[in-house]
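Here you get one chain, nothing else, as structure tokens; it is the form predicted on its own.
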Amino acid sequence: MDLEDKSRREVLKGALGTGLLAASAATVPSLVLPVLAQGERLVPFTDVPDTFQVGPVRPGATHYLDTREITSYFTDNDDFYLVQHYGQPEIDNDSWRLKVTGLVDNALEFSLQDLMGGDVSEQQVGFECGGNGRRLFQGLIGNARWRGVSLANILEQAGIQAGAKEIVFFGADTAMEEIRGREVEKAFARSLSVEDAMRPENMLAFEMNGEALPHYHGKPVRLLVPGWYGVANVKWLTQIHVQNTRYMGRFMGRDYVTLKKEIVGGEERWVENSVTMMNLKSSIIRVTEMAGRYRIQGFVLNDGTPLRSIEVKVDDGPWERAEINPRSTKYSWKLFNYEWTNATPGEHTLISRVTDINGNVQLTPEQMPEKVSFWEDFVQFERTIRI
């Protein structure tokens, strides 16, 4: 048995053990990849305007997927979503260095070859942009195989000193910004608490889907924080700095900040939080028809907490259990299928919801806290079609 077969069997066994797979062995192959079968067609959503277009990747531009046309479990490197804020710096692999500085016993410096010669591992990780949502029909999303080395191992080599509170990750992408009337050069950076940084799944990734990390995705090395929104996965990584104060750069303290209304100690207040771990979310992304039979498909993303169920509701009908792709792993996206056996002609409304093992259910729009930004759009997403 090769490693891929062994991995697939282990994933399938684990999913069955958590009750996520209701499919029989005969139906499992149809879940492996969401490709259209011969004679199968996409049923257009009526909530998507004719003007909605997804173009090719362009330097410096945001790129998103047409989620109706996801055709593989792993997102092609050229189609995985892209967001950048300070350009896309060109970096020479041979001269690139990663420094570990600050409150450490041993300041370190690594070349790309140093990292590639370390204890390398691979994992499946999918994530979305913190600004992903209904406005782009969930297109700021992707799922890939990543190879690299453990961040925790690097930090252990450096030796984090007592009193350290945060670890800051700086990218090579920089820009001039005007702050209080003065032009200053700023690098893209994000921080993690020491506890969050030491999670064993965090990775310094230098390969994506079996290839050297592409330029647009942070060549030669990027941070990968499974279960967190994409902004945490700093690209073009050049420095890891350990400090005893809170890091308050633009992308922690001013941007990628969700402003929402909450009850704080019995008082209603507007609260700001940095975009960090992904919220529990599912979305229907396409409907197909073949020989009069309809299939509803979608994805789930969250922070890695195991799931209890994925359900689909048609119009005012009951919530019905969907089947999850057996290849799904803890931090990958979870693609799901629902066989819509009693579809009738006319207009229909489709909604999905996901529940985790702790009983947390994806929120409805009415349950979502009042917000002032589009960050963290994870409510149940209503889709409409006509048969």
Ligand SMILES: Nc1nc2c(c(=O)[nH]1)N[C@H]1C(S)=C(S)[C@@H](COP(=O)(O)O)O[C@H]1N2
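Remember, predicted model here, so these are calculated numbers, not experimental data. One-based numbering along the sequence shown.
The same protein has a further form, the form predicted together with the named molecule, not shown here; the description that follows concerns it.
Query raised in the report: Which one of these stretches, 68-76, 293-301, 108-116, 84-92, sits within 4.5 Å of the named molecule in the predicted bound form when only heavy atoms are counted?
Result: Heavy-atom contact with the partner occurs in 84-92.
**Report entry** Distance check, residue 231 to the named molecule in the predicted bound form, heavy atom within 4.5 Å
**Finding:** Yes, residue 231 lies within 4.5 Å of the named molecule in the predicted bound form.
Report task. Tell me, yes or no, whether residue 171 is in contact with the named molecule in the predicted bound form, where a contact means a heavy atom of each within 4.5 Å. Result -> Yes, residue 171 sits close enough to the named molecule in the predicted bound form that at least one of its heavy atoms falls within 4.5 Å.
Query raised in the report: residue 129 near the named molecule in the predicted bound form, any heavy atom under 4.5 Å?
Result: Yes, residue 129 lies within 4.5 Å of the named molecule in the predicted bound form.
Requested in this report: Answer for residue 235 alone: is it within 4.5 Å of the named molecule in the predicted bound form, judged on heavy atom distances?
Outcome: Output for residue 235 is yes: heavy atoms within 4.5 Å of the named molecule.
Query raised in the report: Should the three residues 188, 217 and 256 be counted as contacting the named molecule in the predicted bound form, with contact defined as a heavy atom within 4.5 Å for each?
Result: Affirmative, all three are within 4.5 Å.
Query raised in the report: Which residues within 294-320 place at least one heavy atom within 4.5 Å of the named molecule in the predicted bound form?
Result: Residues within 4.5 Å: none.
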